[in-house]
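In the block that follows, a single chain appears as structure tokens, in the form predicted alone.
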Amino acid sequence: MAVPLYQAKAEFFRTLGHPARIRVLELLSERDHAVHELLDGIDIEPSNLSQQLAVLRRAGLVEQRREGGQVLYSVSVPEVRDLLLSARVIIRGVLADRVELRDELATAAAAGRSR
């Protein structure tokens, strides 16, 4: 039986639901990285990074290859870059709305009224 699309999307977003995995994808969206480079860019223990990379590999979002004596990781689905950029735009819009609301509440409080 096929998994409904909404369920597949929920699982996809659960995969993205860890800050270290998001950071890995951000770094890999810039360029391919070796594990030691990822460790330099993420405040995480090596064993935890390995676990997070395994989750991303199983989800099909990153791939690895051997080059010389090191393993390089890369984003396997280029649209991940677009998704990360879209998330940034959405967050910026949400935060802008919150700032506007905060400013409106402050103005109302200063005027001695509430809405």
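Computed from a predicted structure; not experimentally measured. Note that residue numbering follows the sequence shown and begins at 1.
The form predicted in complex with another copy of the chain exists for this protein as well; it is not shown, and the discussion that follows is about that form.
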Original post:
Even though another copy of the chain is not shown here, does residue 77 get within 4.5 Å of it in the predicted bound form, heavy atoms only?
Top reply: yes
Original post:
Wondering, does residue 46 line up within 4.5 Å of another copy of the chain in the predicted bound form on heavy atoms?
Top reply: no
Original post:
Even though another copy of the chain is not shown here, does residue 26 get within 4.5 Å of it in the predicted bound form, heavy atoms only?
Top reply: yes
**OP:** Evaluate residue 66 for contact with another copy of the chain in the predicted bound form, applying a 4.5 angstroms cut-off between non-hydrogen atoms, and reply yes or no.
**Re:** no
Subject >> Segment that reaches another copy of the chain in the predicted bound form - one of 67 to 75, 83 to 91, 46 to 54, 27 to 35, heavy atoms within 4.5 Å >> reply: 83 to 91
Original post:
Can you name the residues of 42 to 58 that have a non-hydrogen atom within 4.5 angstroms of another copy of the chain in the predicted bound form?
Top reply: 58
